[in-house]
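Take a look at this single chain, the form predicted on its own, given in structure tokens.
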């Protein structure tokens, strides 16, 4: 397969397979022939039944585990090179902050690993904490913050090296519904201000529809992409979740998960 890339793709996944324990008695095919292209500045969500390989796909894109077959490119670079160049940031369901470091110093950590000077690290961390509206908590410890605030710190840390891409694996999954909705709005605000590309894993259909430009629907294991649901909500606000277009999007994704196309239009469902 050719490795020639078009420069306009933020992420390009070609013919990706992931097989655990290949050739052994306990071989498991997690991902089957995944092809996915993501444009710069696009927000896409991956959704599917538990065990379908959503998180595995995210981890392969982030070079946290290798592909068995196929190729992954981030901004035209292979996944290992993209990791070395820090072309992406990662946020997981658990904030994974270090309690012995202040909030500011947690955000500084990727910059510290880069060898950036103390003054530059501090300025960048404070800038990011202002972005996530936590400037007043810079010298607090993570355990002094609520769960939603801790996730905002984790998002700030993932932005520290200013990567063009964010990989997010159910970052709001452990939060209560009200906090989750506030965090969704916060993430959309950050995306608008920074222009980042987002690949977002979720189990929540309403969350996927509210956040995304496209929802990518995956099959039960072995995971493959079965449908793409374009979402056209325009600018999101507190009333968006009450609109007919939002409900049509939720219905379309739900029907795609059930393996059939919704009758509601828009949005259309693209079967693959």
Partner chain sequence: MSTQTAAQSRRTGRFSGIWPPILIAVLFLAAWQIFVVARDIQPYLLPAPSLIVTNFFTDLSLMWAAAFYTGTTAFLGLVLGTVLGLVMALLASRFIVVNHLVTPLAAGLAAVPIIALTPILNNMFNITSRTPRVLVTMIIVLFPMFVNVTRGLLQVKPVQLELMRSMNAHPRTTLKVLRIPNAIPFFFTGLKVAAPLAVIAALVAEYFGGPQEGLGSRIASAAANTAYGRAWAYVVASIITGLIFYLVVVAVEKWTTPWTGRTRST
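Worth saying up front: this structure is predicted, and the values here are computed from it rather than measured. Residue numbers count along the first chain shown, from 1.
Quick note: we don't show the form predicted together with the partner chain, though the next part is all about it.
Among the residues 188, 116, 132, 97, the one placing a heavy atom within 4.5 Å of the partner chain in the predicted bound form is 97. Distance criterion of 4.5 Å from any heavy atom to the partner chain in the predicted bound form singles out 86 from the list 86, 78, 179, 194.
Proximity of residue 90 to the partner chain in the predicted bound form: non-hydrogen atoms within 4.5 Å are present. Contact between residue 42 and the partner chain in the predicted bound form is not found at the 4.5 Å heavy atom cutoff.
Shown alone here, residue 184 lies farther than 4.5 Å from the partner chain in the predicted bound form, counting heavy atoms only. Using a 4.5 angstroms threshold between heavy atoms, residue 224 stays clear of the partner chain in the predicted bound form.
Across the options 57-65, 34-42, 241-249, 204-212, residues that bring heavy atoms within 4.5 Å of the partner chain in the predicted bound form belong to 57-65.
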